[in-house]
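Just the one chain here, the form predicted alone, laid out as structure tokens.
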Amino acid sequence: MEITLTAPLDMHLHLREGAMLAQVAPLSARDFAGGLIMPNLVPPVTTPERLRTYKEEIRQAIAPHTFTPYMTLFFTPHYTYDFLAQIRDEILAIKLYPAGVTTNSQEGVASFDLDLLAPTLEAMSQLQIPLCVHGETNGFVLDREAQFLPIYKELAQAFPDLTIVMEHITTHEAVQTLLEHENLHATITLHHLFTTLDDLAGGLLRPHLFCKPIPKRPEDRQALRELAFSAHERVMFGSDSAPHPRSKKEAPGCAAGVFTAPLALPALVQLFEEANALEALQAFVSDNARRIYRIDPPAKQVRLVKEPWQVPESYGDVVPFLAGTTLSWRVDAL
């Protein structure tokens, strides 16, 4: 048995810099036709020079694979219409982080006063630049996404022509909010489709499953699965694959992030097959994103076959999601 996916896309991807970039970027570029690259580096990607340098570093790291890095800027309320108009053709979206909610987000937005944010958001709306949002507050950890939902609603209503992407949603309340507003869209990760909080902390703590937002309850995971398996037109795959070295994960102050890039497609095929939803997978991993972002990625064909393989225990010093697990599908050819 086999399945061929056309131009699979990862619309939320962390590639890091330096040696880590060289190590992990080829693993995404091998299996995907393109990915939306996150800008929360140190310092963040906020200038044309930083953007171009980073894009060139990615291109060198992924050679010779066919893969388009779709670039983003780190949101600040200081971007003007003229600035964004000049850089419009070099970016696909702008990523907004609330200050301090996740890795390298210290320079994010500290206040969601729309009077402060409106000039930049209005310029983005006019220029048709999508806004991607890490939708969490700094409240109690299980409630952070739910507490952010009123902000999504306010943004959707105040800027009806702005494409807003709710990144890595994790709750059934977020699913309901998405369905209520036509200009809201969402990404769903592999690890949130697989895990609940019980997997992370129900027994011995499993640091390689620790991420932000944290996985939630079984009913939340079920809501995400139903949305993904339905191929809803405003939902797409975004792995939020976020590598950290073992020394940063198996340590006090464990870093948040789950590394899923090298096994994302086989695990998704297995999950969708188990749900009798393979017919929805092409839309989830490519077609919806192409329409939402108005992109035409490389015509890359990825064939997967139903043959068992074991996920490696590590890739260099990075431990992947499902390390040591046997999956029933593998990538066979590009």
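When you see a residue number, it is the position in the sequence shown, counting from 1. This one's a predicted model, so the numbers in the text were calculated from it and none came from an experiment.
Beyond what is shown, the protein has a form predicted together with a small molecule; the following relates to that form.
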Residue 169: heavy atom within 4.5 Å of the small molecule in the predicted bound form?
-> no
Heavy atom to heavy atom, is residue 118 within 4.5 Å of the small molecule in the predicted bound form?
-> no
4.5 Å heavy atom contact, residue 221 to the small molecule in the predicted bound form | no
Taking heavy atoms and a 4.5 Å cut-off, does residue 108 contact the small molecule in the predicted bound form?
-> no
Going by heavy atoms within 4.5 Å, which of 250 to 258, 178 to 186, 139 to 147, 79 to 87 lines up against the small molecule in the predicted bound form?
-> 250 to 258
Of these, 72, 195, 125, 102, which has a heavy atom no more than 4.5 Å from the small molecule in the predicted bound form?
-> 102
